[in-house]
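One chain is shown next in structure tokens, namely the form predicted on its own.
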Amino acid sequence: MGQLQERYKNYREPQKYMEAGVYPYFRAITSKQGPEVTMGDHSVLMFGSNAYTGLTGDDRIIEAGKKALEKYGSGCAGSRFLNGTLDIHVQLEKELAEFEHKDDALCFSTGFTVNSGVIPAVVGRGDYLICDDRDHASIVDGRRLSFATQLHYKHNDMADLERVLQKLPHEAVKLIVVDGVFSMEGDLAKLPEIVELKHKYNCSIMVDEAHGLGVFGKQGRGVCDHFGLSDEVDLIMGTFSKSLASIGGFIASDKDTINYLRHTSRTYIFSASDTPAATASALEALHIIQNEPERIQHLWDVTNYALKRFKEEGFEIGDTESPIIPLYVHDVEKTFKITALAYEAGVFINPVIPPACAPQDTLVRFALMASHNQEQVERGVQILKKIFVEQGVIK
């Protein structure tokens, strides 16, 4: 047996939950993504998706993807830097820059590779990188790849952020990187206060809009627009895999920063470019969310209804201000058990356990889409209430 095989032969944590019948991962969906999906012969209400705009099964997006597949083929067989740039890549970047009120934008193959490629490219030796404790894993990995001095502050604690900034040289490059919407807890970054500190301590700001795009701001531009602070944010990042019903990601900024990233970001230069179908699908979704404000309004209607009902039924939902509703369990074993019981009862939710949260803060994540209706939300609330009471989490 080789060294690696010897090291990992005793890794049996997943098997423990499989044997208990509560393993919640890699369950195959056999239908389109939507408010209700089929998993084998089991139909469930889907409250585990990030498709906030509800566009993943939209016929217009499917048709756009088909046309791109027919015109350009299945892939580009190279990076954007060399043979992998299509005219629709350029068009999407142009429209995303305009959408986010920035000079220019770059499209990457995934949202993860935006953060893991942009962060180490823009800050290095002699610079400072400051992150929120609950920033997404892609930001964490981007931070790890940077040669900048890495610092962090307690989640959404502006006094702690200022404590960190006070110690840093005024003239040094200092980049604060933060999620606009925190993906597990659903709360928002305190962007107005962060911008105040930016000016006080001579910093730059990067905001990850993965869960804000298509949800907050005018036409779904995100949290930066929601606060009226897009001009104050130096780098705006977003993904296509959520509200834009595709796969990929982007960074938007001023022309000089984008010019630099276009020629230095390793995950951009050395990754194959996004497929034609994915690019065309994201472009069509971008058009739809700009032209259908009623879609985002409906998302907020069902979100507000769900927030109200969960509070009324006694759930602990933390500080969420978004369609991401954490239902706190505070116990790893019960979190898996509740997830399994919900699935059996026809509700798909996601368990959140370490390292995605602290051990004492485990939860199940209930997320809304514009394609949900009030009746589906109410069914979900009632099913989960029964399970949470039976498990002794709420009364």
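The first residue of the sequence shown is number 1, and the count goes up from there. Treat the numbers as computed from the prediction; the structure is a model and nothing was measured.
Omitted here: the form predicted together with a small molecule. The next part is about that form.
Trainee: Within a 4.5 Å heavy atom cut-off, is residue 115 in contact with the small molecule in the model of the complex?
Mentor: Judged by the heavy-atom cut-off of 4.5 Å, residue 115 is in contact with the small molecule in the model of the complex.
Trainee: State yes or no: in the model of the complex, is some non-hydrogen atom of residue 237 no more than 4.5 angstroms from a non-hydrogen atom of the small molecule?
Mentor: Heavy-atom contact with the small molecule at 4.5 Å: present for residue 237.
Trainee: In the model of the complex, is there a heavy atom of the small molecule that lies within 4.5 Å of any heavy atom of residue 138, even though the partner is absent here?
Mentor: Because a heavy atom of residue 138 falls inside 4.5 Å of the small molecule in the model of the complex, the answer is yes.
Trainee: Even though the partner isn't displayed, in the model of the complex is residue 110 close enough to the small molecule, meaning a heavy atom within 4.5 Å?
Mentor: Because a heavy atom of residue 110 falls inside 4.5 Å of the small molecule in the model of the complex, the answer is yes.
Trainee: State the residue from 257, 183, 230, 156 whose non-hydrogen atoms include one within 4.5 Å of the small molecule in the model of the complex.
Mentor: Residue within 4.5 Å of the partner: 183.
Trainee: Let me know the one among 248, 220, 142, 323 whose heavy atoms come within 4.5 Å of the small molecule in the model of the complex, would you?
Mentor: Only one option qualifies, and that one is 248.
Trainee: Picking from 175-183, 309-317, 258-266, 145-153, which part of the chain touches the small molecule in the model of the complex when contact means heavy atoms within 4.5 Å?
Mentor: Correct option: 175-183.
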